[in-house]
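Let's start with one chain on its own, the form predicted on its own, as structure tokens.
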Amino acid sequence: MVLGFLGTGAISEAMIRGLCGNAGFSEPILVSSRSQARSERLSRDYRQVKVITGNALLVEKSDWVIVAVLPDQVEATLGELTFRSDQKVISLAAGISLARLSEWVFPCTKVSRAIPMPPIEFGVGPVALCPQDQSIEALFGRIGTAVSVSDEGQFNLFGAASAVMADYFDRVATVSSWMESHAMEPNTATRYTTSLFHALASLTLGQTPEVLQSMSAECITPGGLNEQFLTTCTDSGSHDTLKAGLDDILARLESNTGSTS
């Protein structure tokens, strides 16, 4: 199987490094020359990665085509290319529906969408997929936790949830900078804060919905510090803000794809 990447941005690089560096993937990977410095760097680091000049040639030589260009570039990029019925096309572009993709890559009918996250470079994190496809799940399962649904409206929920990434990093940075503002040495504050958030996140992995719902309550001692902080956040409307933000992202995704959940 030959994987071809139309577009070699940060997520493409994370996926390729995860496959070649951590998952032992040894089959050919073709990358477009559009992001020349990144493409050449990948080809130097991994013998099976080859830089291809011209998207048409890349598609011609690929069995699976990963569409990794910006959403507003997808139609123009795909419209110039000729696909085959025996290929698979996997789009990483947010908000571009399966129906629209299928029109642009016909006669290819095996079309999927995916949302890989940057940590897949290190073999961790979710990869949302739609529709369900065992072979695609197997590939992405080598570099992360493949989670698939067949309903595109449900897939939009993955897209909305993935938008919390910047907020998460901002919260980590805010706690660290708050400690610095109280005269703690910056490296000490950062070491403590990043370790704290990493440890807490690791406790949630693999838990059942019931356990997740109870984890906050289990941290609370009546009159304790966790109770005080949670109460402050709840009273300030932070939970409502989180849900409202997710609703806004979901509405944006649904307006782009024309689907509902």
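Since this is a predicted model, take the numbers as computed values, not measurements. A residue's number is simply how far along the shown sequence it sits, counting from 1.
Keep in mind that the form predicted in complex with a small molecule is missing from the display, and what follows is about it.
J.: In terms of non-hydrogen atoms within 4.5 angstroms, which of the given stretches 198-206, 222-230, 41-49, 28-36 touches the small molecule in the predicted bound form?
T.: Careful reading of the contacts points to 28-36.
J.: I have S97, C108 and A160 flagged as a candidate spot, so tell me whether each of them has a non-hydrogen atom within 4.5 Å of the small molecule in the predicted bound form.
T.: Checking in the predicted bound form: none of S97, C108 and A160 is within 4.5 Å of the small molecule.
J.: Which one of T174, Q132, S102, Q73 is close to the small molecule in the predicted bound form, taking close to mean a heavy atom within 4.5 Å?
T.: Among T174, Q132, S102, Q73, a heavy atom within 4.5 Å of the small molecule in the predicted bound form occurs only for Q73.
J.: Please tell me which of Q87, S112, S148, T77 lies within 4.5 Å of the small molecule in the predicted bound form, judged by heavy atoms.
T.: Spelling it out, the residue with a heavy atom inside the cut-off is T77.
J.: With a 4.5 Å heavy atom cut-off, would you call A23 a contact of the small molecule in the predicted bound form?
T.: So A23 does not count as contacting the small molecule.
J.: How about P118 - does it come within 4.5 Å of the small molecule in the predicted bound form, if we only consider non-hydrogen atoms?
T.: P118 belongs to the contact set for the small molecule.
J.: Mark N55 yes when one of its heavy atoms lies within 4.5 Å of a heavy atom of the small molecule in the predicted bound form, and no otherwise.
T.: Yes, N55 lies within 4.5 Å of the small molecule in the predicted bound form.
J.: If we define contact as a non-hydrogen atom of the residue within 4.5 angstroms of the partner, is A10 a contact of the small molecule in the predicted bound form?
T.: Residue-level check for A10: yes, a contact with the small molecule.
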